[in-house]
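Alright, here's a single protein chain in two forms, structure 1 and structure 2, each given by itself as structure tokens.
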Structure 1
Amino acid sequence: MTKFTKVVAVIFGLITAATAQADWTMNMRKGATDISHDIFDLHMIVLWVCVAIGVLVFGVMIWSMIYHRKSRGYEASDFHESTLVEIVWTVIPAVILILLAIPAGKMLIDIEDSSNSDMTVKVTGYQWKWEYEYPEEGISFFSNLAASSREAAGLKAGVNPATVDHYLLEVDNPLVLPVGKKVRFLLTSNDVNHAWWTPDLAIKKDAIPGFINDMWATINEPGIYRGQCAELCGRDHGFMPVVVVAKTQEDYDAWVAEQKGAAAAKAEEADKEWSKEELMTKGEEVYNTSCASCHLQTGEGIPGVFPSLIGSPLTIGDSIDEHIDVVLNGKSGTAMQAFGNQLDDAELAAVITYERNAWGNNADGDDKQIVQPSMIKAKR
């Protein structure tokens, strides 16, 4: 076997190994939509064009270095320029780019064409959660990082993140969609720039305050498809996953009915009188989901960034009206969000009650520190 043959064999082996590795973990996923399949196919075409160019260029270079080296008696040619070479290495790349631009341009047009959609979902980014609204169905809810991931991220009770399924990629309320329907997404943000990214659906679009972007997808098969916020949106950017559950039309219709029933049940909760134990139990759950990312599970906050709720003038004594107002409407000039449109009356009453009674804030057990949903309703 000649030296040149050995070199070619090594290069071929490296290319083969790289291809096998790409098929295993390094390559793009085909995804679950026709567009994602088309993108994958175009990606593979471009990849193999690049491979062919690389093999040709480096092959010529290696051949020249081996067989035309000085030690074999060759002398380098001495010339100033070659019009033919200039034309060749300008025209050939230009032709290749044009041939690739034609399918790529068509692909971009298809990606942006959200017309003739079967349904609409509005997606709103918050620090650090997503709100999903179904205008035709009258359904809306927030999707937060799952408690299992949040506890592991906070090292609660020594929870090891490696033992948590889909760590940082699981949510409490996933987006549910029917298969075979063209879904138009309207994307915006309530605070800072976010980006809704779900690789298997070939969707990635910025969510910008004051603007509405749109995108679309038609999911071919039932399944669970995961993504993340792809914009650096703050300290908990990595705790803002996207989970899409695709169901058959029959299962989707059943889910819609279930959501409407749950909304009716929540409306009834706002009119009932809650015990302190019920408020504290629900309040801890709401706090860990919506408040702990800033004020921590211990209520200690982050000095200089997010205030402590332990012994705070806002969470003790006669400040209950002010406390309700701040949680409902936020606080101008600070990072404190308005939760009036994020939580219902029962959830707001529960979390405020929890903040006023947890961590020793109500050491004497004063029943006046309990907030009922009716008090929230009166403040709206």
Structure 2
Amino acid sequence: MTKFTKVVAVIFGLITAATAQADWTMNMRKGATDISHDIFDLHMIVLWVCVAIGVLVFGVMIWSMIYHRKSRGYEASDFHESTLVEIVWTVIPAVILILLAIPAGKMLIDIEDSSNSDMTVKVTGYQWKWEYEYPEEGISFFSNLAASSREAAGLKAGVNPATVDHYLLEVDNPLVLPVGKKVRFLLTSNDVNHAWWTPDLAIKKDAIPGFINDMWATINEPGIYRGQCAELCGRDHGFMPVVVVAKTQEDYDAWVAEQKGAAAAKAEEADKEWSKEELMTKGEEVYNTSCASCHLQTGEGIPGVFPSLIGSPLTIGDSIDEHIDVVLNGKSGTAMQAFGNQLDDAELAAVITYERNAWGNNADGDDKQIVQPSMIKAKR
């Protein structure tokens, strides 16, 4: 058995040596809510119960492997039946399990009770972003992977992820919540199943199209809490993070007021006439955030899955109306979503203009390939 112990020592040595020099964790996080603390405690209890059982069982096994071996001349005995022993090791584990199930059951009932909440946030999953709505405030916005991460996450992008701030865990518009308030989340999806997960809030639930799930959290401490989509949802499943910014009540109120002002300014923008350069710049930005995950930054798409937009009948010639239609209303039964309720008139006009003029789609520089926000408005 010396061989065996040596091997174990080497493996553990390797693992612990690596542990000493990095900043990651090996255990579940305690989190920022009362529930997350309870869950952490239960996790530790069960973990130690499992360790104890393991030590006991493996201890007996290893003892036996050391002493009851033929090479030591140990004679085999012949016992092979004992009803009493069988009953004992059926009953004792059953009792341990009941003792574990009682606190777990209580906690579960607590977790599932989302009544008496102070505010509601509606979360909708999209391929591949989240939409957050505050029905009481009339605020809503989309939350996409941050541009810095997106640029570093391309195939062979050549950017070292370690140099990117919170690589893959950063978004353009985080969900902002007040601390100390019981927040009720309503979850649904626009396309396929997703799951909204923030480990520090210890909540994870599936976002399912056509159904609404609910869950709740009361955040104790201001801070930034990061998580990810936890249900496979297609190509960019790994690229739709969740970021929650918890603020004090005053800071939160200020943020709400600011959002309302910004919405008014945006509405004004849509009414003006845009230049081609303005449209192209904004269009590229919108395209890279909302479309490139399927049609790719180069517009080439993935054959058989996502169509190429280069020289497609819908992106060149006199197809402006059809082009606007497919982007506005999507194509049901496919991954092409209706962007009409995700993007405003200016963003839609910009992205369609971009698609019609980028990648050599308008090599002749035809002036008619420009779409103004007013044209979108007329089509709505």
Ligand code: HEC
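Think of the rigid core as the biggest set of C-alphas that the two forms share within 1.5 Å after superposition. Reference numbering: structure 1, starting with residue 1. Bear in mind that the values here come from a model prediction, so they are computed numbers and not experimental data.
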(message) If I had to pick the form predicted on its own out of these two, would it be 1 or 2?
(response) 1
(request) Superpose on the rigid core, then tell me if the C-alpha of residue 54 is displaced by 2 angstroms or more between structures 1 and 2. (result) yes
(request) Once the core is aligned, please say if the CA of residue 221 is shifted by at least 2 angstroms between structures 1 and 2. (result) no
(request) Answer yes if the CA of residue 73 moves 2 Å or more between structures 1 and 2 after aligning the rigid core, and no otherwise. (result) yes
(message) Looking at residue 84, what is the CA displacement between structures 1 and 2 after core superposition, in angstrom?
(response) 4.0
